[in-house]
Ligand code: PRP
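There is one chain below, alone, in structure tokens, taken in the form predicted on its own.
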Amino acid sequence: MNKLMTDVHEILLTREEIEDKVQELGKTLAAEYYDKRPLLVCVLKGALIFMADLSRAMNIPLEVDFMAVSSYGVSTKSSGVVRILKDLETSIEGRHVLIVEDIIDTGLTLNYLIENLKFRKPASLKICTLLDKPSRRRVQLQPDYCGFVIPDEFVIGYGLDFSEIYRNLPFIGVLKPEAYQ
């Protein structure tokens, strides 16, 4: 048995479900941004796999840049204290910016990021997330584009991690509590 699989309680979203949803989101975003040459801002590290697949599904001229922010450390809950670990290399002034996130949980990290990016005067600023966990939301925040609404479980795979592992699983799974307690 695969070592990573021994820590998975259940598979929440299969590889096929994710692939279908990413293709659907890509088509929607390609239509929305058809003549705008959007800048996709990947929130590292978790959104990397999602953004790679999503950008290929969009099939329009676009650019990508990366930000790394942290509010978790080695915990399963957001601390609410946000640190920018890597900033954008591209100016976003006058650009159509799409923040690409893996998951929105409390919304604290993303809310901080949105406020930070608004000061840089983009033409538009929208959010695309693969996963949304609205039951844990602590701020008013609604993604513009969402793949899946999920229950309040600690999820891993397809870019999402616990203590930097499990990102390479091709599905979204629920981590067994004994793996992080």
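When you see a residue number, it is the position in the sequence shown, counting from 1. These numbers come from a predicted model, not from an experiment.
One more form of this protein exists, namely the form predicted together with this ligand; it is left out here, but the text below deals with it.
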{"property": "Residue among 117, 60, 44, 52 with a heavy atom within 4.5 Å of this ligand in the predicted bound form", "result": "44"}
{"property": "Complete contact of 93, 124 and 127 with this ligand in the predicted bound form (any heavy atom, 4.5 Å)", "result": "no"}
{"property": "In the predicted bound form, residue 17 touching this ligand (heavy atom, 4.5 Å)", "result": "no"}
{"property": "Exercise: residue 108 in contact with this ligand in the predicted bound form, heavy atom 4.5 Å", "result": "yes"}
{"property": "4.5 Å heavy atom contact, residue 167 to this ligand in the predicted bound form", "result": "yes"}
{"property": "Residue contact check: residue 99 to this ligand in the predicted bound form, 4.5 Å heavy atom", "result": "no"}
{"property": "This ligand in the predicted bound form: contacting segment from 52 to 60, 34 to 42, 108 to 116, 144 to 152, heavy atom within 4.5 Å", "result": "108 to 116"}
